[in-house]
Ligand SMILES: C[S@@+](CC[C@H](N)C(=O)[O-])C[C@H]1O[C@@H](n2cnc3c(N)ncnc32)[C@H](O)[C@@H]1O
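Given as structure tokens, the chain that follows is alone and in the form predicted on its own.
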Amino acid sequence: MSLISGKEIEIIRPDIIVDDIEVVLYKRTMDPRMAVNTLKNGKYVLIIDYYSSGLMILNELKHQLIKKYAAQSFQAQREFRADFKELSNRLLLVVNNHQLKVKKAPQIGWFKILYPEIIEFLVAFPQVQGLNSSWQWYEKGIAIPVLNQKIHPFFGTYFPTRFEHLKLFDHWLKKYKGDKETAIDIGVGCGVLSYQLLNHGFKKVYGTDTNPNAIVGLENEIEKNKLNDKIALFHGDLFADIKDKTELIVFNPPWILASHQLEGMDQAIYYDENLFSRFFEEAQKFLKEDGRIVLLFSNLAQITKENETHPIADELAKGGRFQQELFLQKEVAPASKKTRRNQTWRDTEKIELWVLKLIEN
């Protein structure tokens, strides 16, 4: 539990199992195909010898599912990930005294930070993998091309792995001639856009996020870097508890319309059908008369056929609130050669920067 802006915030942590449950024990002398069949039958499998035994089972599971979802479409990739997630989360490890109880397991500091009061529990193998990766990113930091510093994302906080939109925003900020007293960063995440704003002369940034982990993690970084008087954080939806109007509102929303119930990190990737209408309705109340809105978006939803309409273009077409001042696009770098997924649809993907201003009455 943390205290932010006078409010208690409870961080989100992976589900664990503390009750006794029936499990099938597994060690690496056994056939991983047997373990996969056990998972498919709805039972739990518990690794009892080496951490690598779990990796063997996941590799076998992935191999079988690749055959099942041979199609390379965007939808097939989504179904593959959903099936893999459901089955792999029945593969378990024991954590005792904040340590994994198998041989040659990674040391993960999150166990002590996230579960300080729990001595022993079971946790899904993919959750451990996620915690391990997150801990490495948090400990070592992540270099961001447009910043002169590393970021240290707290567990469960989205951070950028592609940087075209950040470069586009940085390019725009270099040419920005408006007032720089305040700005509002909607969906602040790990704070990259806020740091960019400060680097380009803004005196104060108000950051909001519905994700408590993002707020708690960024608050720690703000204190460490002595930026308490530069960035103020608010936990809540869109503009949360912000009271004042500003000359600049920055929003890097999710880029794909959701077709499923959103939870966890999905909310950083997918948006619900009402997000943009709510944002534009509230934004006009928080924008000064000569202020600007900057939205960082993509044509991803259109080229993957997930949504043939464009929420920003739709708002402008309806008219009445905002008018377009500037529209910039930047091509996306080719997908990594290391990826095994077919991402030919990225050949036509473009990052977008929209600048909107209020329509004069």
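Residues carry their position along the shown sequence, with the first being 1. Everything quoted here is computed from the prediction, not taken from an experiment.
If you look for the form predicted together with this ligand, you will not find it shown, but the lines that follow are about it.
Stretch 178-186 is the contacting one of 178-186, 74-82, 113-121, 99-107, since its residues have non-hydrogen atoms within 4.5 Å of this ligand in the predicted bound form. Interface residue remark: G291 is not counted as part of the site for this ligand in the predicted bound form, having no heavy atom within 4.5 Å. Although the partner is absent here, L238 lies within 4.5 Å of this ligand in the predicted bound form, judged by heavy atoms. At a distance threshold of 4.5 angstroms between non-hydrogen atoms, S88 is out of contact with this ligand in the predicted bound form. Using a 4.5 angstroms limit between non-hydrogen atoms, R278 touches this ligand in the predicted bound form. Out of the listed residues I249, L131, L193, I231, L193 is the one that sits within 4.5 Å of this ligand in the predicted bound form by at least one heavy atom. Checking Q149, T210, Q284, N220 against this ligand in the predicted bound form, a heavy atom within 4.5 Å turns up for just one residue: T210.
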